[in-house]
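Coming up is one lone chain in structure tokens, specifically the form predicted alone.
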Amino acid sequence: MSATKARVVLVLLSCLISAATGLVLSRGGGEQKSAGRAKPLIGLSMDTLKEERWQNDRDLFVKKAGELGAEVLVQAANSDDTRQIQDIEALISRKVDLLLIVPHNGAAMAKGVRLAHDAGIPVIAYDRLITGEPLDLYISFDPVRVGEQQAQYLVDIFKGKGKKKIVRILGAKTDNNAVLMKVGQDRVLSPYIKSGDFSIVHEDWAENWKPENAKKIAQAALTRVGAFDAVLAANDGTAGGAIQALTEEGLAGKVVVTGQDAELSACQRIAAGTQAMTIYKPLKALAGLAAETAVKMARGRPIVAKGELDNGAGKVPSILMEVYTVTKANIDSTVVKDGFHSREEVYRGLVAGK
């Protein structure tokens, strides 16, 4: 067994988590690095904190880890690969017991994983897969399922309504999740593209997931194609950028726009009718599970994972949580019911939530 595989045994987390995730035995166990500390010390290296979604992840993770008796050191790299490596080096120098990484560039962060492993520190990739280097664990929502559900929404609403033109705004090329989401979208859309029912009339990758880049892509599509029926936008930020471009042309609410993350602004647009759907990923559950798992690993305790994903360096034990399509029809029974956003926030500015 390799030194990396000898680091952590994925055996059993808890009855609750095993019921949700299943049992897949992998990895080997190592020494408990936190034995000399009163509390485990976890390093959290984040791509960015500019977006609402990542601020929520940080706050939820830090709060839950604290409740479990751990301390968390947080670094945010502002979408800069060089800076993120420096952040990881700084966390390693603090002798953290475990490193949780949200990579800006999954391939570039392979170096960070190597540095951590060389220091005997286990690594969890959070939400985005790190490629090209063996990992101890990957915890995320299933990005392929996200893409499938976005595309299936378009299939369902356009079924039997003639040929439809779609503009696709993909996520960041540097994010492996964006690639996997495209895989899911293609899996659903391919038969309809082959039949001629759907056509992708324009598509491009939105660098760093920035709304302003998505707006430029939508503007290019409007100039190049003219009329189209839908924007298959990878997340709520890119959806917002596309909707800005549509608004300037008087087309907001007339073109179907997808999204992902159930950000408050997106839920407000859904309530108002300018965005058609988003994907709700229960971040509290994900961040809570990540915190529980990270604390157990930091203490050298065994855990469990369901399934494996190939990251180019081998099979990575993976826990992938379910995602949910949110529309105007079910927004109250999903994000509002779960307390992700309040009804007052979602319907602010609208009369009686209508």
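Computed from a prediction, not measured in an experiment: that's the story for all the values here. Note that residue numbering begins at 1 and tracks the sequence as displayed.
Keep in mind that the form predicted together with a small molecule is not shown, yet the notes after this line are about it.
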Practice item. Verify the contact flag for W54: yes if a non-hydrogen atom of it lies within 4.5 Å of a non-hydrogen atom of the small molecule in the model of the complex, no if not. Key: yes
Since only the chain is shown here, I'm wondering whether N177 would be in contact with the small molecule in the model of the complex (any heavy atom pair within 4.5 Å). yes
Worksheet entry | Partner proximity in the model of the complex: Q260 to the small molecule, non-hydrogen atom cutoff 4.5 Å | yes
With the partner left out of view, is N235 within 4.5 angstroms of the small molecule in the model of the complex by any non-hydrogen atom?
yes
Item to complete: Check, residue by residue, if R128, M181 and W209 all come within 4.5 Å of the small molecule in the model of the complex, counting heavy atoms only.
Response: yes
TL;DR on 266 to 274, 169 to 177, 147 to 155, 109 to 117: the one with heavy atoms within 4.5 Å of the small molecule in the model of the complex is 169 to 177
